[in-house]
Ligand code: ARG
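Let's start with one chain on its own, the form predicted on its own, as structure tokens.
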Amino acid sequence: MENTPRTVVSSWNEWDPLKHVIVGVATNGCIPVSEPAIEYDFAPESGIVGRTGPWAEELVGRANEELDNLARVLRGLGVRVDRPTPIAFDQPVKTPDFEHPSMIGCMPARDVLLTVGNEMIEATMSYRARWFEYLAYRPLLMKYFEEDPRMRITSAPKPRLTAASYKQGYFENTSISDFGRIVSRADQQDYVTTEVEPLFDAADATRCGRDLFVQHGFTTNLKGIDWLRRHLPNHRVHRVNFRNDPDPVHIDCSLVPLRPGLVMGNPDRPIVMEPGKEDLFTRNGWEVVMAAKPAHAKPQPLCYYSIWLSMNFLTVDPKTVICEETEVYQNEQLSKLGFNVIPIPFRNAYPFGGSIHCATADVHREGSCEDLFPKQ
């Protein structure tokens, strides 16, 4: 009988040596259905406009091959890997406040789970289709709760997601090709969500020890950031925005900490910090490097995500990263920055929720909570 070590839940940043991680699965995944939060996300060139229901079995199989390979690579590096339990995502979502035709899936574990120290936080989620997504991870969280007496599970307040949670008519007469209008509105921090209740996706946060950087955008509102600040009083939670981003969803294609003192930014999306914190990184001696250009001019077929998934790699330790194999420019840049780059195929998994970082959620990284930004 295999002697599996008992769980330790502890992760304070994005780069300390990874010991235990969750890798998502594509099984039972469904094509997202337009809803108030994402009415215009599906560009005509994506190839999924008008499609609904479960993904084709052939596409699910290809995605799972790549996700299984990611799990094998991580295990080969000595990392313990767990997988979520897919539910029937093709069933309708129904609450007293809304109904939605189907769910999405459990490939992007990073979107739902935020690990801060010994606590794993289930995000509120801001899409109706994702209201019950946490159920795929609950068996794992309960197992960790039993095995680690210090582990804490927190479920952020589930939102009602009524019509009041969204700006009515926000996407009317707007298409993804209307770049100038969309960017102008986003640059003014005018997003589809309102402030009637806290909303946040876990993937809008990136962790740097005592400091968390949280993107304000389509999936995280100001009240969600305020909830995180109140819930994590021993941390400094910084609100960030990014200019020129027509679809501000999730931070890990815009700001990626690589190791202490080194952070990667997106050259197409300049960061906007809160007043008085504009130079927080340089003030504390951090080098900010701009990511290399993506190797692909267009998203993967059937994928509605940005080409900047090129930045969505997984840091295994301060010297090792796992990257998508065809993102040759990004991989070359990381190699020049001193990383051992492990390239793997992953583009078939993109339509199910993003790239390698998206597909994972930390359970345990070595290290402690450091103060890396003492000059506030």
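Throughout, we count residues from 1 along the sequence that is shown. Predicted, not measured: the structure shown is a model, and the values here were computed from it.
Beyond what is shown, the protein has a form predicted in complex with this ligand; the following relates to that form.
- Between this ligand and the residues Cys358, Ile22, Leu18, Val25, the one pair within 4.5 Å by heavy atoms in the predicted bound form involves Cys358.
- Of the residues Asp211, Asp268, Asp148, Asp247, just one reaches this ligand in the predicted bound form with a heavy atom at 4.5 Å or closer; this is Asp247.
- With respect to this ligand in the predicted bound form, the three residues Ala203, Tyr305 and Trp308 uniformly fall within 4.5 angstroms at the level of their nearest heavy atom.
- Contact annotation: Glu133 falls outside 4.5 Å of this ligand in the predicted bound form, judged by heavy atom distances.
- Contact between Val256 and this ligand in the predicted bound form is not found at the 4.5 Å heavy atom cutoff.
- Within this chain, Asn312 lines the site of this ligand in the predicted bound form, having a heavy atom no more than 4.5 Å away.
- In the predicted bound form, this ligand lies within 4.5 Å of some heavy atom of Arg110.
- Only one of 278 to 286, 137 to 145, 86 to 94, 248 to 256 places residue heavy atoms within 4.5 angstroms of this ligand in the predicted bound form, namely 248 to 256.
- Heavy atoms closer than or equal to 4.5 Å to this ligand in the predicted bound form belong, across 112 to 128, to no residue whatsoever.
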